[in-house]
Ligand code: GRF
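What follows is a single chain, given as structure tokens, in the form predicted on its own.
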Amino acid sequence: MLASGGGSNLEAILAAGIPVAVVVVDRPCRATELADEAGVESELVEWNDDRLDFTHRVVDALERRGVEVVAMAGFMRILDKPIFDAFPGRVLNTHPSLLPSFRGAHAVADALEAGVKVTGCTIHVAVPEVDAGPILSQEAVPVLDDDTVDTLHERIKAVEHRLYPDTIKKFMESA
């Protein structure tokens, strides 16, 4: 698992019984506390403004643990080519929109600004181009008239916390 924040996806994945070899974070965050509570090793790989070097250090942390599938969950760093070489077709990501719409870090705000009536959650295979890999699963979430970024994002997360673990399980079974 690669995480940067609150760890709610990690929590859902652990609750679903999916084996997690290591949680790699780019900053101190709640995800490491969740890993510790679950008896899962964690490692801090700090960002250093050099994407290639950072990616190599993340790959090293994963390879030292014999990781086979990488799940990104709220990992707010764009990784470089070495991770896709080390884990070809085996880096998964979750994104809070119905890709290919609203790629990038501000998908929920972008959906609200565009005035769409439906957005959602997408689980996809990560590739070097941000939010552009093959889609594994999607689920729609209605946009309500009184939604804010926070209220809409919370409803998307509720879907994500079910969809991501289910998709990871199916992906691992078919690999």
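Quick note: we count residues from 1 along the sequence shown, nothing fancier. Remember, predicted model here, so these are calculated numbers, not experimental data.
The next section is about a form of this same protein that is not shown, the form predicted in complex with the ligand.
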property	result
Segment assignment from 52 to 60, 66 to 74, 135 to 143, 36 to 44: heavy atom within 4.5 Å of the ligand in the predicted complex	66 to 74
Heavy atom of residue 153 within 4.5 Å of the ligand in the predicted complex	yes
Residues in 132 to 162 with any heavy atom within 4.5 Å of the ligand in the predicted complex	153, 157, 160
